[in-house]
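Next up: just one chain, as structure tokens, the form predicted on its own.
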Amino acid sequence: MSWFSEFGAILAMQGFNGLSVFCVLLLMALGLAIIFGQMGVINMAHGEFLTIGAYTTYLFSSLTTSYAPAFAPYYFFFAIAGAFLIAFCVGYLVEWGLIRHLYRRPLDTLLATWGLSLVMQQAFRSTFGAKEVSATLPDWLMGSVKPSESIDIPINGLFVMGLTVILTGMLALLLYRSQWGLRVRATTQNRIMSGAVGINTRRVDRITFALGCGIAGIAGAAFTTIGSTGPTSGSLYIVDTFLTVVLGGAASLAGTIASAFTIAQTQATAEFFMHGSMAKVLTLSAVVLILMMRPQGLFSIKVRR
């Protein structure tokens, strides 16, 4: 019985680790889902917006530690807001300067954003150095909760989960209970008709792209609680993020949540029993099998083009 309880505790800990990965992956995928689902843009630089959010949090941490140590318990909330705003503004400029010239040219968009990701990685490397850095977390994010003698649940993981739930709820309200969300859904359903009834589809596209990038910035702030930040940190998540969006179904919020949970839990559990690379292979194989049976993803919506 002791072996069984110990094995159950290990599975519980791995499951919670999977939830932490799920939260970051979901925040990344939410931004990419609304960009890819509405605009059809394959943004290979989406991971770099996570890195922007992570480095923003690191800067807030460094400035607080150096100049305002009394502000340390509160800086993380401002860092989250700063990560969103900076990633949002950079995303807005990227859409205006690059993406808007490449609509309906998916291959050109893919290559252009891939090149942009390399440029951004080099900019991070030149600014912050090649070594990974870590933000100093507030004391209230340290430590763990012990629901039993053999299970430790990190407080920072609980915070990231709470942040993810709040942000997902806010995005759902924005998409389904606001005038802007109505315009987004109308543009997704029928772009030509939306323009005919007076919706500024170009403005909707620009704000949508910037919002998706801002959400990735928040994912970067959350990422600093579970790992260190380097110039290529965001690129490590981009493949899993695209898998999440494709598996869940483009423009489907429920599908994005379900697929992020499935991929994160499968990978976290498999990594305990096998090598990390084999766990990736197992996850990818499972996704391919599901897509063979259901090419439209777990959830899908009817759209008119």
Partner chain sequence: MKTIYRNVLGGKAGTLDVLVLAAILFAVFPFALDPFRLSLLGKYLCYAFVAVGLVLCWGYGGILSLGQGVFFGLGGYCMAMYLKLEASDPVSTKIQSTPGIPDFMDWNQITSLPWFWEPFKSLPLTVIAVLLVPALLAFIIGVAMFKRRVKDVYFSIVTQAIALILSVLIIGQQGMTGGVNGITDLKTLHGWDIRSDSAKYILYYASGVLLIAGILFGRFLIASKVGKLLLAMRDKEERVRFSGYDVANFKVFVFVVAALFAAVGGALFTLQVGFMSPSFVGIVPSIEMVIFAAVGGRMSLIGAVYGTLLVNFGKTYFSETFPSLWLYFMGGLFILVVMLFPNGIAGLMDSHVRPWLARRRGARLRNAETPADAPPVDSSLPGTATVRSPSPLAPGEGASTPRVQPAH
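This structure is a prediction, so every number in the text was calculated from the model and none was measured. Numbering follows the first chain given and starts at 1.
FYI, the form predicted in complex with its partner chain isn't displayed, but the following is about it.
In summary, the region of this chain contacting its partner chain in the model of the complex, judged by heavy atoms within 4.5 Å and restricted to 213-221, 95-103, 70-78, 194-202, corresponds to 95-103.
Think of it this way: in the model of the complex, its partner chain has a heavy atom of just one of I166, L174, L118, C89 within 4.5 Å, and the residue is L118. Not displayed here, its partner chain is kept clear of A258 by more than 4.5 Å at the level of heavy atoms in the model of the complex. A residue is said to contact a partner when one of its heavy atoms sits within 4.5 Å of a partner heavy atom; V239 meets this definition for its partner chain in the model of the complex. The closest non-hydrogen atom of A123 lies within 4.5 Å of its partner chain in the model of the complex.
Proximity of M278 to its partner chain in the model of the complex falls within the 4.5 Å heavy atom cutoff.
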